[in-house]
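As structure tokens, one chain now follows by itself in the form predicted alone.
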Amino acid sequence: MFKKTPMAAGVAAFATLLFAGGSAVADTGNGYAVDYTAMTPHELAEYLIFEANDGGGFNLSQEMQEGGTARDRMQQDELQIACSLIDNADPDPETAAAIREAAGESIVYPEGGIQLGDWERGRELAWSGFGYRVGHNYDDHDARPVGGTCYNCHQMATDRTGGNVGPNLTGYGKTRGTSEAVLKYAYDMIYNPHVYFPCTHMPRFGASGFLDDESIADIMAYMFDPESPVNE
């Protein structure tokens, strides 16, 4: 379901903002001007993302750590397009069911079942945004693991201040316990949260390959281990 396709649908609404602000013609930097009003919203989105930046801005031909180029990374898959089209609304029941089914099929459970790892390492991962950044030098994932950036959206423990975009996870393991069902829910949410919440803004950390099994286990330990600051 989630093949890569152009991402114009995700930013087509931006065209309305440009027109409303009176910015209709732009200098490309290559000696000619582009009339935004002559484009459909989708054409404008494609131009802004894939053409305008090549004229002196973002280098879309730059190779990425995960393979491919920056241009490839800017392509939405089917899930992202479907969720972009509804513009922060709830998907219709048929679409929601299809998203949940595809998300469930993407989840791979570790051999031996879901286990908790090292909460201290998980704490560092939860606070870290390291990895896969676009730049002239690659992030060295051998020297430092990819972070989960959990604190961008969640408050998790009282020793650090997190975000409030997502639910507060302070005391998560203390209040919920560590039953098989609870651990599965937490694992699924980290791996691919669309299985429960179609079109959620939470990233698909496992399905995307962003976090490996060890990192997911360590972040879960940070959430559930009674020694973790999350559960003090």
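No experiment lies behind these values; they were computed from the predicted model shown. In this text, residue numbers run from 1 along the sequence as written.
Absent from the display: the form predicted together with heme C. The rest refers to it.
Which of 74-82, 144-152, 102-110, 88-96 has heavy atoms within 4.5 Å of heme C in the predicted complex?
Flagged stretch: 144-152.
Can you work out whether heme C is within 4.5 angstroms of a heavy atom in all three of Pro167, Arg176 and Pro203 in the predicted complex?
All of them do, each having a heavy atom within 4.5 Å of the partner.
Report yes if any heavy atom of Leu211 sits within 4.5 Å of a heavy atom of heme C in the predicted complex; otherwise report no.
Result yes; Leu211 sits at the interface with heme C in the predicted complex.
Heavy atoms within 4.5 Å of heme C in the predicted complex: does Leu60 have any?
No, Leu60 sits far enough from heme C in the predicted complex that none of its heavy atoms falls within 4.5 Å.
Report yes if any heavy atom of Phe197 sits within 4.5 Å of a heavy atom of heme C in the predicted complex; otherwise report no.
Although heme C is absent here, Phe197 would touch it in the predicted complex, with heavy atoms inside 4.5 Å.
Any non-hydrogen atom of Leu44 within 4.5 angstroms of heme C in the predicted complex:
Although heme C is absent here, Leu44 would stay clear of it in the predicted complex, with no heavy atoms inside 4.5 Å.
Tell me, which of Met189, Met39, Leu48, Leu183 has a heavy atom within 4.5 angstroms of heme C in the predicted complex?
None of the others qualify; the residue that does is Met189.
Neighbours of heme C in the predicted complex among 215-232 [non-hydrogen atom within 4.5 angstroms]:
Contacts from 215-232: Ile219, Met223.
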